[in-house]
Each structure stands twice: as structure tokens, then as C-alpha cells.
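Single chain ahead, written as C-alpha cells, the form predicted alone.
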Amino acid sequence: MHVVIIGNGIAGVTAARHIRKLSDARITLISAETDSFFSRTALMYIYMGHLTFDQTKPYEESFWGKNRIDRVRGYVQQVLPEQKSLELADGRTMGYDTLILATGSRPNKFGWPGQDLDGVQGLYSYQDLELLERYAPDNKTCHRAVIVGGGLIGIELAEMLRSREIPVTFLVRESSFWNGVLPKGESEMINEHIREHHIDLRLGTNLKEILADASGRARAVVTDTGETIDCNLVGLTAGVSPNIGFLKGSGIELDKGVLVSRYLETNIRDVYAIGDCAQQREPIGRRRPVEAVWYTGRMMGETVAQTICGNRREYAPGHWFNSAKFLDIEYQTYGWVFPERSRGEEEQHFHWRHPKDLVCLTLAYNGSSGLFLGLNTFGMRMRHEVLDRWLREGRSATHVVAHLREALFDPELYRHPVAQIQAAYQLQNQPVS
């Protein structure tokens, strides 16, 4: 059996590793990005000088030969399921018995005039990092950057550029940073933190146009307020979309992503999709049908390997969780904590913020039953196994607050604000006489 995997990110490589553990199949990984798998989340640290590219590779070069995983550098331009064949951009063809699509994401573009100019880019691939080194190596070459889009990639790019003392203007269309995801108190705290890092945060501001200089490079942006902001770099970080353009006309059913069953099967026999490019046909609880998250890609890779090797297994991601970093503040989320505009009638929030430090917690619970729904923390590390267990056991919000110390993962001598959180929760929830 020849298994071909298009994409050598976390989903594709995990699938390859587990297929090798379970079988003697011939395995080929195809990628146009790099020869070897690397940690995509570490791209920012290469630019900031904390790591080299080689240090972001989880496996030594000998790993691939030892595990009999063949690597092909190339861009697949067409999939022909009826022939079980692939066509590469350089004219090569390759047959397969089983195909796994693990093609990841691409930065969103919304038809802005000038969006394809030199000096305009996203931050997703290794090639994006190379472009950033070309257009923004220092603050002499790049006197100002404008970032468009207020999500996690945008805040990472801002931190990267500020590490080289490049001035940054941050255009965020929402009235508060990431308030489509974060509750009000958390979003407002991040606004403050961004500005404390000397980032020119423009809330409620949209990109209208990118202007070019005589050489065809970006020289300025025009906002919907009519302002023109001079710059040498424009970072487009308004989210990502599944990288599926090359699959049009293949017969593989597409929507926003590649449509898959709970077994990660497409509508074509022996063709699967995993990671950022996969879209669930049927919702899994309250999860989004497309999830561009590292750990879900890894889980899909493990799951599809079992099915391909004869142990048919459903994809079961469990309770939602994620983590990120907003400049100096670590963020963790477990379960569901929706912003005000997305909350159901029964969802209530308890929000606590430290009076001096950039530390806060938001706990979501059912207002009628008291059932614990989810938890967000900023500046506090929590133990995943404890929060996940409380969600599985259907614990109450009161139980979570009373036993919060069990979930803490911060250093032993760290001054934990548990007592302050518990006192504030009791005050908010004390009976009204």
C-alpha cells in the first residue's frame, strides 16, 4: 500500500509517524514549503533571534530514513482520484493507493486594492518568514509596518517587529481587540497591554487600499477614515482559510474546507483530509467545523492513521482548549467562554482582574444549574487534566472556584491570587436578602 500525504505540517507528519508504527506501508510526504517538518508556532522566535530554523525541527535528518518515510519537495497542482494520481507543477506525476490531504491554511485576502504588491504579506509559511527578513530586517529598511487584522497572528507579528524596534500601526476593525472571541474585560486588558508596548492600536478601523511606490512596493495604506499611513510593510493577518484551491474540479467535495465525515473520509474512497484544511460535515458539539489549531491537527493525524491501518476510529477531539501568548501575557482557555454578543441566555460570567498585575480570570457557568461551562485565564497557568476532568464530570462553578488551587500550574513560589478570586466569587454570588 502506498500512502501519499500532501503537506508536512503537524497533521501530515503525525499521520505518517502513526501509519509507520502500525504498518509496513510505503509512505510519501509531499510539500512545497520545506524539506523537513518544523514547528510552525516557532517561526516568530526565529525572527526574534531566540531560535535557529534547525532548532525548530523536532526530528533529526536521520529520522526520515530510519522510519522509511520518503519526502518529495514539490507543489501538487491537480488531484485525479479516478486514476489515483497526482500531477505536480514541475510535470512529475505520482500514483497512490491512499491519499491524505493535510494542506493547511493560507492567509485571507479580501480583495483590497494593492494586496498583491511587494511588501504585503501574511505570516503563515516559512516563505513568509523569508519575506519578512527581506522587507523588514531592521528599522532603517522598514521605517513603519501596518498590520491589518486583530487576531493571534497579528499580535505575534506585532511582537516580532517591535523586537527589532520597528514602529507598528495595528488596524483592528472591531471596537476592542479580539472581542469576537474574548469577553469584554479580557479584551480591554489586552488593548491596554498592546499600547503599553508602544504599538499604535487603531480600533474600529478598516483597510481601504494599499498604495504603491514607483517600483511596485507598498508605500502606504489608506484607511476607511480617510487617513493615509506611510509604511514599508503591510501584514495581512485577518485570519486564514483552508488551502484547497488546487482541489477544485477534482470531484472532492469542498465548502470552506474539504468536507469530511467523523472518520475524516472525503466523498472519494481512499481520500482523507486532516488538519486545517478539513471541514466536518456534521458539527461536533459547539466546535467550529474548521479548526486551525495545532493540537487538533495532531489528533486528526493519529485518528486517520488508525482508520487507514484497519482500526476504524472516529475523530473525537473532546473538550475545547487552547493557549496563546499576547506579548507578555499567557492565555489559556478550557471549555466554552463566549463574548457577550455570543452568549446564550443561560450563560453567566464571573470575571476577576488583579488590581495591579495583568492577571485575570473569567469563569462561564449556567445561570440556572450552576454547571461549569468554561474558563479563561490570563497570566495564570492551569493544569489541562484537571480542567478537562471537571468538564467531563459536570462539576459546578462553585466547585471549580473552591478547588481552583488544584488546577494551578504556576511555579511553587509564585504568589497565587486564589484567595482573592474566591472572595470575589463569593461576593458576587452571595444571596440577596
Ligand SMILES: Cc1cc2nc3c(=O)[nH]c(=O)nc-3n(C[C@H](O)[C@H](O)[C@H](O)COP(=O)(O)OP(=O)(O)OC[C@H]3O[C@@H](n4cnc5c(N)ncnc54)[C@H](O)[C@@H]3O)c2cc1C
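Numbers follow the displayed sequence, beginning with 1. Everything numeric in this text was worked out from a predicted model, so none of it was measured.
Separately, the form predicted together with the ligand exists; it is not shown, and the next lines address it.
Among the residues Gly74, Gly180, Gly216, Gly185, the one placing a heavy atom within 4.5 Å of the ligand in the model of the complex is Gly74. The single contact residue among Val400, Ile30, Met382, Ala364, judged by any heavy atom lying within 4.5 Å of the ligand in the model of the complex, is Ile30.
The stretch that touches the ligand in the model of the complex, counting heavy atoms within 4.5 Å, is 269 to 277, out of 204 to 212, 269 to 277, 137 to 145, 251 to 259. Contact check for Tyr96: every heavy atom lies farther than 4.5 Å from the ligand in the model of the complex. In the model of the complex, the ligand sits beyond 4.5 Å of every heavy atom of Tyr263. For the chain shown alone, Asn243 is a contact residue for the ligand in the model of the complex, at least one non-hydrogen atom being within 4.5 angstroms. In the model of the complex, the ligand stays beyond 4.5 Å of every heavy atom belonging to Lys57. Along 1 to 28, a non-hydrogen atom within 4.5 Å of the ligand in the model of the complex is carried by Ile6, Gly7, Asn8, Gly9, Ile10, Ala11, Gly12, in order along the sequence.
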